[in-house]
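So this first bit is one chain, no partners, the form predicted alone, shown in structure tokens.
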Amino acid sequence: MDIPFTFTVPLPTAVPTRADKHLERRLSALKGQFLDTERYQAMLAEEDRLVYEVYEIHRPEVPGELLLGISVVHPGQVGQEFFMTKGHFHTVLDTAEIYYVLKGEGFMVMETPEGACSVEALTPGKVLYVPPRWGHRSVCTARQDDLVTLFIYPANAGHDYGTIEQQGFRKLVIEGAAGIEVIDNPRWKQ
């Protein structure tokens, strides 16, 4: 039988005092996700930079349990695009997720299999509810600070990264001439 537990997320480091799994995603894990493939290859040849980290608290993957943890997206860019997570749908598509922004700035890029899109700004203190059927990806637009979020979702939801890996999301967050812009992904095909 499980017992209640607590943990803290000391800032600015954002490394939780409890984590059963620490996942590091480097630039090489995001192959095919950035629009500027030449710049991506040049950066990868120079260094396989750490793009983001996930600290998970393991829970049984059964209905009724909640998986939770901390996501840390580091600042950086590949060409005009900001560093981001791989993004995913849930394997159990009718699963929601909640994000609470602890630190940094960025966006959550979201879409449904049917083509609906939404891009929400993320700032400290903001809570984002991602409804069932919405794939999602965190993007860090801060120059110096990490984008740090607390996430919570049903432990039996699973992750489908493959759908996104095929052609990315329909929207991209870039550094444009006028600052941060959300644009259509020219690689995305219906």
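Keep in mind it's a predicted model, so treat the numbers as computed, not measured. Counting begins at 1, following the sequence as shown.
The next section is about a form of this same protein that is not shown, the form predicted in complex with a small molecule.
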In the predicted complex, does each of F7, P16 and Y100 have a heavy atom within 4.5 Å of the small molecule? no
Which one, 121 to 129, 52 to 60, 31 to 39, 139 to 147, holds residues whose non-hydrogen atoms are within 4.5 Å of the small molecule in the predicted complex? 52 to 60
Contact between K86 and the small molecule in the predicted complex at 4.5 Å, heavy atoms? yes
Is there a heavy atom of R25 no more than 4.5 Å from a heavy atom of the small molecule in the predicted complex? yes
How about H159: is it within 4.5 Å of the small molecule in the predicted complex, going by heavy atoms? yes
